[in-house]
Every structure is written in structure tokens, then in C-alpha cells.
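Quick heads-up: it's one chain on its own, the form predicted on its own, in C-alpha cells.
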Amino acid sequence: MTDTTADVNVELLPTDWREQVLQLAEERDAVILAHNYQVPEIQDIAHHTGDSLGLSRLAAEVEESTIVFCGVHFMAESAKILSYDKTVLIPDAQAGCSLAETITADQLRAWKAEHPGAVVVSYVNTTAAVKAETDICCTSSNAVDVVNSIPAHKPVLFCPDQFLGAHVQRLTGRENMHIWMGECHVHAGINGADLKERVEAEPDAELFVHPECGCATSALYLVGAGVVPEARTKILSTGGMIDAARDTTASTVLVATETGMLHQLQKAAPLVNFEPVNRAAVCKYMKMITPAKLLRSLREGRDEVTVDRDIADRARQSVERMIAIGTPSATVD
């Protein structure tokens, strides 16, 4: 398990911080949403914890007037896009995303100009400005369904994650799909060599691999080579990992994603031993939100997330189309 206290000044955190957070949330009419990669204390205090797709759906439906989003900035932006009239707070406005930074709205416009008539599919890990230039968003749990919803004759521009794009292209067999060469620095760092070493050390373990990982292709290669059985190798979103954890009969599961995921997996299946493929796969941005910052955000109403109305209106269309794509496929989620 990762160190969850590195960014917390414990002297500034009262012993009853949990009670204060919940009381302030009630007084502010706020709901706390947390991503699966947040530190355990944040995951446990949140009203709802989940993956990007699940949290997007919640953000569009919550009744509270304030959303406190414990995640990275693009996620809080998405909440604002979907619930524009609500106040959206993020406990640390500096919590960015290396993947979202790999493409700008200007770059996407230029790419679209090179491929007139193409349908733009943007991973939800993008800025509001990029979403505004997008036809339909996706998450790792519904990317295949999103691409399959596009008429076969239409070229697809998929951005910004090259590993998720390659995974989608493998499963859809879509030849007219162009993929932006972006990556999440954490997931890209979980490589094939790490995976092979861990699989050899735990030959009976199941394998959960996030499709953003640099080792996703290696996982499929290991299946093809017979190193690990296909039935024990699952390419999954974080939400899909939790579902698979509840169903697994394995005693050990190797997990290739950001290490914050281990907390939810262990809660879902307490008797299973979940081990990271790479213990160094820690997103510093996800870990920037701490109990002290959450408490401060609720006390002071900071930091508020704003999105230009025109950008939000255009971005909302692409996100709502994503949410409308039905239930994610179990084999991809």
C-alpha cells in the first residue's frame, strides 16, 4: 500500500477531521466524489467513490448544490460541464494530469483539419477545451462501445492515450482509426518487463491490467505465448477491476494500474492478496488531495472550478453522448 501521509501536515489536521468534513458537507449542501486513485482516507470519507464514467454519471445526477471533486482537474471540469449551475470545488487546483496535457484544443483542431469528416473520440482525461472540439468522449470502460457506435465507414480520430487507443483498435478491428500519441506517465511506466517479472514470480495469480498501461500489449503477448492463461488475464477499467475482484476465485491478483486502486480492491475482496505490478506507479497529482485540503476546501469554499459557458455547452454534448452509450461491456470494463 502506498504512503498516504506524505503530503499531510498532521499537526494541522484535527483528530475529529472526519466529523468536521461530514458536518461541513451537510452545512454546505455538498456531495464529496472521489476517484479510485485517491488516498485511502479520501476514498473512505467520500459519499461516492468510483471511476471516471461512474463519477461523470453521478455528477450529472446529484441533487446537492455543491460538488467537491477529489480527483484531478479535468474530472472536476467534467463535473462542472455536466452540472453547470452547481458549485464545483477541487481541494487542490494544482492537481493536474500528465495525459490531459498531451493534447491542446489548438492541436486537436489542426488534427481535425488533416482528416476532414472524421469523428473525434476523446478520452475523458482531457481538458474542457479539448472536449469542446470533440464529437464524443469515452472512458476506459466504454471506449470500445463508443467506437463501435460510429458508422464503420467514418474515420475515427482517437485521443490522447495511445495505449487505450491501441487496445480499442485491437478489439474493434477498426482500420480507419487514427491514434494520438499521448500517454499517462504513470501507466506508461508500468512496462512489459515489470509485468513479465511479476507473472513469473506469481504463476498462479490473476492479472488485472488497465488499458492505459504500457504493458497492456505485453499482457496480450504473454497470453498468446502461453505464459499466462487467457482466462486469468483481464484488461479492465478501475470500475471493472472492482467488479472482477468480487468475482475472482484467485488467492493472488497482480494489478497493473495506479497503486491507489489497491484500497478499493482490498475492500471489495478482503481475502484476496492484491499486489501491484509496479509499486512505483503512484500519481503525484492524485495524491495532492489530502484530508487537510479537503477540510480547508469545505471550510473556505475553495478552490472553485470554472469553465467558460460556451466551452462548457459544446463540451457537454460530447460528454452526454458518452454517458448515453449504454452499459459498458463486461469484457472491456
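Numbers follow the displayed sequence, beginning with 1. No experiment lies behind these values; they were computed from the predicted model shown.
Heads up, the form predicted in complex with ligand 13P isn't pictured, but that's what we're talking about next.
Exactly one of the stretches 262 to 270, 291 to 299, 60 to 68, 44 to 52 approaches ligand 13P in the model of the complex with heavy atoms within 4.5 Å, and it is 44 to 52. When ligand 13P is considered in the model of the complex, H187 lines it closely, a heavy atom lying within 4.5 Å. Among residues of the shown chain, N125 is one whose heavy atoms approach ligand 13P to within 4.5 Å in the model of the complex. Ligand 13P in the model of the complex is not approached by K80, whose heavy atoms all lie more than 4.5 angstroms from it. Taking non-hydrogen atoms only, H167 never approaches ligand 13P to within 4.5 angstroms in the model of the complex. The contact with ligand 13P in the model of the complex, taken as any heavy atom within 4.5 Å, belongs to M75 out of I242, V209, M75, V146.
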